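Here we start with a single chain on its own, the form predicted alone, put down as structure tokens.
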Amino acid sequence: MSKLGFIGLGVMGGPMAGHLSRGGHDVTVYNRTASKMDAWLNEYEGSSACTPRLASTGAEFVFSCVGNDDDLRAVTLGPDGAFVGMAPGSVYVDHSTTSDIVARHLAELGLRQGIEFLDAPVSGGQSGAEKGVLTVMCGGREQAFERVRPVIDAYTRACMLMGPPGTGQLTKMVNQICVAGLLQGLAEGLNFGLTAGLDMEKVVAVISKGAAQSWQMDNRAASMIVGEFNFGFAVDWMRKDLGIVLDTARHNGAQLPVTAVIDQFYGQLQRQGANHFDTSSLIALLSPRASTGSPDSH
């Protein structure tokens, strides 16, 4: 068992840190909002610290799950940042979804003081975090990955090293491109069926056994049909992720015409006040029936 630091106790980070605690590790947590630390300590064994630096002091492995590039820099760098508290030979694992640029930069800074850095974004959502079945895509050096993998296994069903620093984040971008496309296709298909007067429960039951099947269909079709979206991965977070994707594509020359359009659809949902609805709420832009789940009806 290891001494660990965990920074960021949101809907993803809190359960992940909890799996580590229940796995017998000595976990010290940090969160900007102290009440979240108190709530976590009421449920799990561990301790809290008032800065990322103190949460990381003496830890063999430090994990984080925060919002964006700026949040990650804030908890790693500066006099109260985690890097100051970490000793040479320790490993920092970031589960946030960020740019590959900041991942490579922090990996370089870490190596200067003997710290290994892995960018390790996750897929599987809040449910996956709570159940401990996340998919993790890592970028970094192989030796560091092999050291920390047995610890990460506490909350994953799949964990793979994709390549050098930054490749974990680039892989997550591929994931988000595919998810956005699947959700828009599912929204259009369900809306078509509703408009045609089909029994959509029967439709989904049969097509989910064929080539159209996907995780999104299995887990989101039913709620999309009835217009329920007040759960899941928020529109705001997907818009943030797609912003990173599109910015990266502008630099590497990748063509993402469909993704760019879907990003604008999510922007439309934001303007309608659906910021915290699940990403499957794309159908609310198409279907009068599905729009019963729109913010105006709550």
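Just so it is clear, the model here is predicted, and its values are computed rather than measured. Start at 1 with the first residue shown and count on from there.
Missing here is the form predicted in complex with another copy of the chain; even so, the following discussion is about that form.
- Checking 78-86, 223-231, 112-120, 134-142 against another copy of the chain in the model of the complex, the stretch whose residues place heavy atoms within 4.5 Å of it is 134-142.
- Using a 4.5 angstroms heavy atom cutoff to another copy of the chain in the model of the complex, none of N31, A39 and L106 count as contacting.
- Under a 4.5 angstroms non-hydrogen atom cutoff, another copy of the chain in the model of the complex lacks W237 among its neighbouring residues.
- Heavy atoms of S64 never reach within 4.5 Å of another copy of the chain in the model of the complex, leaving it off the interface.
- A residue is said to contact a partner when one of its heavy atoms sits within 4.5 Å of a partner heavy atom; G210 meets this definition for another copy of the chain in the model of the complex.
- In the model of the complex, at least one heavy atom of V245 sits within 4.5 Å of a heavy atom of another copy of the chain.
- Contact with another copy of the chain in the model of the complex, judged by any heavy atom within 4.5 Å, is made by just one of L161, I152, V91, V102: L161.
- Residue-level contacts in the model of the complex: of Q264, S47, S35, Q255, one residue has a heavy atom within 4.5 Å of another copy of the chain, and it is Q255.
- Although another copy of the chain is not shown here, in the model of the complex the stretch 160-184 places heavy atoms of M160, L161, M162, T167, L170, T171, M173, V174, N175, I177, C178, V179, G181, L182, Q184 within 4.5 Å of it, in sequence order.
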